[in-house]
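This document opens with one chain alone, in structure tokens, the form predicted on its own.
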Amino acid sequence: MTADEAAIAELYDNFDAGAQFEGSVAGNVRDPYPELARKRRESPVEGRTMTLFAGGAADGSEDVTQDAFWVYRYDDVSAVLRDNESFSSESVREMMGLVMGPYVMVGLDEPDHKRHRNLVAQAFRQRALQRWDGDLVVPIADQLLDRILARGTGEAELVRDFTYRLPVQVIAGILGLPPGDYPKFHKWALALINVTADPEEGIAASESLREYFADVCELRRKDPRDDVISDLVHAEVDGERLDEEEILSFCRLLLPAGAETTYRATGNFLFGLLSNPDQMAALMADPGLMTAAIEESIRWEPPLLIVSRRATRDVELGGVTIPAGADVVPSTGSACHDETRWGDTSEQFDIRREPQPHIAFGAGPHMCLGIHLARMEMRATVDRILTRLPNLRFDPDRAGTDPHIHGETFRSPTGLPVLFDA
């Protein structure tokens, strides 16, 4: 095991996929969906208290909570996300700006958001995605699988050995960063995501990332390369360019957001297939099912269950008046299980389901910019796993394991212990 591999393994052990930072936003809820179904029936728009800092605020005092209106039905969630005039992203900026800077794109409102997004989107053109697929994602996936196969044991733990490792390497590669820095990027990404559990560590990681990316931006201005940071520092639309703080905010957003979302989404996809061997067999027999399978996986177990907005004026939603200034929490996870849209089988994983657009990656102006990258990574990596690990199946006898998907805000498997024909 190389020094870099040992460092990443240590990060995983400290992260503990079973506990996921006790008291953090990850949580340890096994199945939130029955309760979300009850909410859709009985209180589709509900005032309740949300915890912003669990286990202590930044100064070490008691928990910080805030009242908010939670929204559970698909149509209402969609209405909130699409109406950026009535529902501002200010609350996102307040929460994430602490560690991602004042120009975190998902927290901007119009016209700043549109300007920022148009400039940043240049780095995520279709031809870039095609290049990253063959030149970056597949080689990284094959390197990780080579290590699994080299053991010759016919067994693996795919969260620890694969899904946890790959996305941060892909993001770092897209940004044009050296492989030797992957372990510290992974550590910083985890600290940013879990800032509510450990504000001091999250803020320190943010500052470390800012300093690091500032140095890289300066180098790319002088010597552009074929990477996203070079695209960002030179992007221009109608004479407008991104300033330094805007670029640094986006880089700090991309690293943890891209790594965390895809790590969890890919793990959930594999869990769905391993739990339904007939559907895995159908996908292997007909690769044309892959697009539908990816969308069904994201709908069935979204990697993130909620987003945040703030009412800019009094709004009536689901028969409830939401006053101006109130925080609003659209439950995209609940919306993706709404039986009025997906019928009585909405809780089931079914890759043959009639296609129906979901809302796991948002809707409206703030539709996730990285959705195409996430889909591409899921497609490429799951294809490589199914191709190179024949007769893949859960290992029912792995001691001490109870693999399941868990989390109250972020969702991903506790582990994926598998066997395959070596």
Partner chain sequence: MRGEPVALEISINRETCMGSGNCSFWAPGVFDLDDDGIAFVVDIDAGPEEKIILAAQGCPTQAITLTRDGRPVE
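Numbering follows the first chain given and starts at 1. Owing to the predicted nature of the structure, the values given are computational and were not obtained by experimental measurement.
This next part talks about the form predicted together with the partner chain, which is not shown.
- Out of the listed residues R147, R225, R131, R82, R82 is the one that sits within 4.5 Å of the partner chain in the predicted bound form by at least one heavy atom.
- Distance criterion of 4.5 Å from any heavy atom to the partner chain in the predicted bound form singles out R117 from the list K187, R160, R310, R117.
- In the predicted bound form, at least one heavy atom of G364 sits within 4.5 Å of the partner chain.
- The partner chain in the predicted bound form is approached by R375, whose closest heavy atom lies within 4.5 angstroms of it.
- At a distance threshold of 4.5 angstroms between non-hydrogen atoms, E295 is in contact with the partner chain in the predicted bound form.
- The partner chain in the predicted bound form is not approached by Q143, whose heavy atoms all lie more than 4.5 angstroms from it.
- Of the candidate stretches 164-172, 120-128, 242-250, 329-337, only 120-128 has residues whose heavy atoms lie within 4.5 Å of the partner chain in the predicted bound form.
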